[in-house]
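What follows is a single chain, given as structure tokens, in the form predicted alone.
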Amino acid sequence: MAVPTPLSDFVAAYAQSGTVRAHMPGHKGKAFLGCEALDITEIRGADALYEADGIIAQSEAIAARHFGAGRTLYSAEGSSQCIRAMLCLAAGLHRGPARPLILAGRNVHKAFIHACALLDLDVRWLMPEGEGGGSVCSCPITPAGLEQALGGCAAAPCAVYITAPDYLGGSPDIAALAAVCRRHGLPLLVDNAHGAYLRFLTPSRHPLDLGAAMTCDSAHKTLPVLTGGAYLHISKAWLDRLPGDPRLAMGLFGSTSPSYLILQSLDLCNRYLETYGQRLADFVDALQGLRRRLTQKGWHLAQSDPLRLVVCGPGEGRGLARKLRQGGVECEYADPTAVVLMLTPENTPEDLARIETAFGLPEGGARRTVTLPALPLPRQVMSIRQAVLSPAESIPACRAVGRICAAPTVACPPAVPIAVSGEIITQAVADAFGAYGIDRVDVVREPDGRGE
């Protein structure tokens, strides 16, 4: 029996009904881009995303079964909306007069910083441990490091937050970190934006199955879903322990006009996921074959999640990205250390062959090592909220020493911010700006009004 797609079925029937659209949106179903007939608003029978009790709720329940979640909520505004909702729900666990505190791995998406500003949260940062912190995109965290950080907190945090997989496809031992959180009675929140597909590996490597309390999954990053489609998953163990209403938390940060095109793509993905496991396994095998061939040709591939190619040198990653582009391949990301390609079973064998051809053979002999400065942990002198909402100015990064960071500065999201809102910019911070190509930085305007 086919998996139901109630939302998509409703919209398709409406598009074929010939009904006069005396409602929003203004295109009235006429083709300008070509998709308008399926682009509707919250008419009778279409349900409402943040008060769903009809076809959207039915579709979300099917998605929850696919992911083994206690509850799954759709987002038409990406994982950014889900991150804000997760933090809002976690903040509801806080008791006491002080601001809620989150323990977080430093390689966060900008949406995390903005959520902390909106919710007025304090953050204690978990910095990269060991040699794995050589990239601005990585923040290895160990159970021992987390245990030590929890023991050193003057105030009890309301949650622990990590990003996994990170932008280079790396991930800490989530099951072990979740075990530490359980001993302390804390929820583990995981930004799993790049890992929706992990549930369908054998065995599953999805954070929910490894003990996370909540995750955000960007369906559009690794599944055949339109850009902006994402899930907020809440585990069965934590569903009844959260004091707030998950749907209200999503509604606080979402548009009242969510895209029904995106919602339909999430709905249709439920049917796709029914047979996805075998397609995924076959593609992972094919991609592993490409990894072996590239390695045999002399390329250095970093360890990563199964759907990513992370290739280091020789030379810098940006130069390698230009080489790939000349061969008709556009990568996901490149920095001074690596180039990242994100692939899925929707990439064909012909795609993999073109990628292999575009790489060709490494040039320049031995792999060049790019040495980047260690990322500092600047001193916090102002709350994130104060800094984000304060009057600010943009100045050359080389002139920012001694100033307070206003907007988070990262080389790409999600990544370790070189400076976070409210932190003082030191010479070490300015040096890191230069190494990562950050020329300007937003700083809090000084009280006397002096500036550039």
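Only a predicted model underlies this, so the values are computations on that prediction, with no experimental measurement involved. Quick note: we count residues from 1 along the sequence shown, nothing fancier.
Omitted from view is the form predicted together with a small molecule, to which the following refers.
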*Region of this chain that lies against the small molecule in the predicted complex, out of 168-176, 70-78, 233-241, 203-211 [heavy atom, 4.5 Å]*: 70-78
_Only one of L266, A193, I141, A338 gets a heavy atom within 4.5 Å of the small molecule in the predicted complex. Which one?_
A193
*Of R106, H220, H114, H94, which one comes within 4.5 Å of the small molecule in the predicted complex, counting heavy atoms only?*
H220
*asked:* Quick check on V160: any heavy atom within 4.5 Å of the small molecule in the predicted complex?
replied: no
*Answer with yes or no whether M86 is in contact with the small molecule in the predicted complex, where contact means some heavy atom within 4.5 Å.*
no
